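Take a look at this single chain, the form predicted on its own, given in structure tokens.
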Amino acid sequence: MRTVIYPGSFDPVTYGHLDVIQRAARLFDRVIVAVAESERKQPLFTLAERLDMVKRAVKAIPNVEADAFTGLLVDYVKRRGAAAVLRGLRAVSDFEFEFQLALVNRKLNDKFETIFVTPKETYTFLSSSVVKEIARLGGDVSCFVPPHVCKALARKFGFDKQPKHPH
């Protein structure tokens, strides 16, 4: 069984992430969406909240599971017996950082490959940071994230207690 791990902070999970996950689900027998602790990034959502949002977002895709991990990705990949790590590339600006990470990971463990996938053009501009900023300012993020993530963002920023603004 060919397993790929798609690691990330998923703070929060977006339709761009889900597009990459669906592409991976067609290519691999099993996809593990691995939510990283990412404390240095100071995430908006806790690890448990992010994991829950990812689990809910992928529950309809049969060969996809969500898990959380701390520590080195290479150790997690080995523990899970994965053949590859999947990384999404939105733009050329992502490439240099991701390429560097892939080379470091290969140096630490050359038993798995890093595979780069580009999302649908619709999502090339989309990032969790952009979504959080729009939500923080009270904007509508429903076209960027699943409904349960919209609700979680509204709760986090205190907009769930206010009447809805007409569009």
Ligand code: ADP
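Just so you know, these numbers come straight off a predicted model, no measurement behind them. Just count from 1 along the sequence shown to find any residue number.
Below, we turn to the form predicted in complex with ligand ADP, even though it does not appear here.
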Position in contact with ligand ADP when the complex is considered in the model of the complex, options Lys59, Lys41, Arg136, Arg106, heavy atoms within 4.5 Å: Lys41
Exercise: Arg90 in contact with ligand ADP in the model of the complex, heavy atom 4.5 Å: yes
4.5 angstroms heavy atom contact with ligand ADP in the model of the complex for Ser9: yes
Contact of Phe112 with ligand ADP in the model of the complex (heavy atom, 4.5 Å): no
4.5 Å heavy atom contact, Leu126 and ligand ADP in the model of the complex: yes
Heavy atom contacts to ligand ADP in the model of the complex at 4.5 Å, residues of 15-39 in sequence order: Gly16, His17, Val20
